[in-house]
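Okay, here we've got a single chain as structure tokens, the form predicted on its own, with questions on binding and movement later.
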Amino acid sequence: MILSIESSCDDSSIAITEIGSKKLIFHKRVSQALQHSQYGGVVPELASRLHTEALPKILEETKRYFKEIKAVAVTNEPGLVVTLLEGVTMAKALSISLGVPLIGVNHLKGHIYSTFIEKEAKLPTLVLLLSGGHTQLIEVESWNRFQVVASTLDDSLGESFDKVAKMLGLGYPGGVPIENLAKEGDAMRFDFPVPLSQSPKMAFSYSGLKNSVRLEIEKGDKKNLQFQRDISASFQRVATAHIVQKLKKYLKTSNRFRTLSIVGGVSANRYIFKEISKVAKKFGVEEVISPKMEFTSDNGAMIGRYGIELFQNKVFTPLEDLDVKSRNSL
């Protein structure tokens, strides 16, 4: 079995995965959303302290599996340095005490493999990674071949949801309240501009849209429920239209992928998933998949699942070389 640890931001999570069968034996995730909500976003120092409380408690529940652990996988990039250190420090201690190798895992690759938890990987696949920190279109050819086709120039899609929610006084995180309000809103009330609609660039951008939303909120009554619904629906429509527009641009020039995986925290948004699925299938994509809802957020199971690929290909990280990085590409 592989023991895997995730602490890249504000979720403390540990999983135990059987290497041969890919079966998830144990998985627990402790969210810090409630503690950070009063600040309107993640406070790194608070997140670090909460990891020091949660991770040892979760680890205590896994002790019965220690004799069967063959490696320890841990997120070491990208993420908040102070929170990554909590997981990496624990992983190093476990590696020494259990006498097993370490596997440093790129958080983004973990998200890509979140659709393969308890399954064999179906590759190649085209991936849309939509999360609080990243918005990327990625060609995945094999377990070690990743090509980023487009990424965000500024804010990520998940980050823009959080910021719009904060403007409306909805707290943190913003994805769920915005999606719920949008269900009863007029998506055409506000004619926000679609980002980069006239640009030939294969890239994403949300700072301009966010600013347009801010200006409308400042003119309106943000405490009015219908106003909140209409802002949410209009924002969600345009934010999604931007993704769809760039995906169309890509699919017009490349139709070699039969599968599209939508991963990351924003993949839990059913409106976005359906809109992207519709356009993908029009361009010949046969299957659009996303992780189970419990694995859309940051979690230890996805780190363990990609950790298995690294273990089976004998890719280990020497203790002295396992460093944390706040930013890194695939």
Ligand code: KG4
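Since the model is a prediction, treat every value here as computed from it, not as a measurement. Counting begins at 1, following the sequence as shown.
Separately, the form predicted in complex with the named molecule exists; it is not shown, and the next lines address it.
Contact annotation: of the candidates P195, G110, G185, G174, the single residue with a non-hydrogen atom within 4.5 angstroms of the named molecule in the predicted complex is G174. Checking E77, D230, E216, E159 for any heavy atom within 4.5 Å of the named molecule in the predicted complex turns up a single hit: E159. Taking non-hydrogen atoms only, G133 approaches the named molecule to within 4.5 angstroms in the predicted complex. Q32 falls outside the set of residues with a heavy atom inside 4.5 Å of the named molecule in the predicted complex. Contact annotation for A268: at least one heavy atom lies within 4.5 Å of the named molecule in the predicted complex. The named molecule is not drawn, but in the predicted complex it has no heavy atom within 4.5 Å of T62. With the partner left out here, the named molecule still marks one of 159-167, 208-216, 253-261, 119-127 in the predicted complex; by a 4.5 Å heavy atom cut-off that stretch is 159-167. Scanning 274-303 for heavy atoms within 4.5 Å of the named molecule in the predicted complex gives T296, S297, D298 in sequence order.
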